[in-house]
Ligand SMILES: CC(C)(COP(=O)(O)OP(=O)(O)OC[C@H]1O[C@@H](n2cnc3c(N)ncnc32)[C@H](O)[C@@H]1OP(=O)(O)O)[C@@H](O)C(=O)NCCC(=O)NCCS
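The chain that follows stands alone, in the form predicted on its own, written as structure tokens.
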Amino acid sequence: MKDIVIIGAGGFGKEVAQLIKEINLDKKTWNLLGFIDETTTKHGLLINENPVLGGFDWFAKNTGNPKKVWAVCALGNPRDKYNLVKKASAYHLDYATLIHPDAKMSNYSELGFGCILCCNSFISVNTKIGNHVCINPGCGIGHDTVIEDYSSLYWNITLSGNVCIHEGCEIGSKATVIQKKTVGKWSIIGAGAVIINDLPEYCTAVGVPGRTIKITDHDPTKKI
């Protein structure tokens, strides 16, 4: 089995640890070493029987030739996820993509590295999903849809065919985006919203039908 650590010892990190356990029940694949978290008060704790190993300096002491350790970043908030992945880049990590045995994905679709695909999600044909994308349980992704890097889809989201979700978007539970619509980068869609028009960059949209309530340039790529 391959050694792996989870970056982020919060709520989603615990869910990803459970996901790894369920992958292993189907086919023994991963040896979960524990969590990496920059919150020093968590170091040494056991979280659901998995230790918090330390901060990023753990990688310098415990990885490298000939020892290989895979990683996955388990944060829902795309901006926090981006910042942690960039901070971890100094350690030249290999990122795992985790797919629950009960998730369904077409052979004609693409999934990048560092992605997390949870149970009962469905990825239709000719979709393209970037790197470090989180797709929570019960999501349905239609044909020819594009989801760019660092985006997070929470529970029970529906993206219809030919939708484009640009980089770093955060989509709340039970939201829907109808066919052929585009969501601009680093935007937020509130839980339960129904998006029937294109959304601009950096917006927050809520409601049925979805409407933009504010635009805030919270693009973390401009702060590095």
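Since we're looking at a predicted model, the values are computed, not measured. When you see a residue number, it is the position in the sequence shown, counting from 1.
Keep in mind that the form predicted together with the named molecule is missing from the display, and what follows is about it.
In the predicted bound form, the named molecule sits within 4.5 Å of a heavy atom of Lys214. Interface residue remark: Tyr82 is not counted as part of the site for the named molecule in the predicted bound form, having no heavy atom within 4.5 Å. At least one heavy atom of Ile188 is located within 4.5 Å of the named molecule in the predicted bound form. Not displayed here, the named molecule is approached by Thr204 to within 4.5 Å at the level of heavy atoms in the predicted bound form.
Considering the named molecule in the predicted bound form, the lone stretch of 152 to 160, 55 to 63, 24 to 32, 37 to 45 in range is 152 to 160 [heavy atom distance within 4.5 Å]. Contact annotation: of the candidates Thr176, Asn50, Ser173, Thr182, the single residue with a non-hydrogen atom within 4.5 angstroms of the named molecule in the predicted bound form is Ser173.
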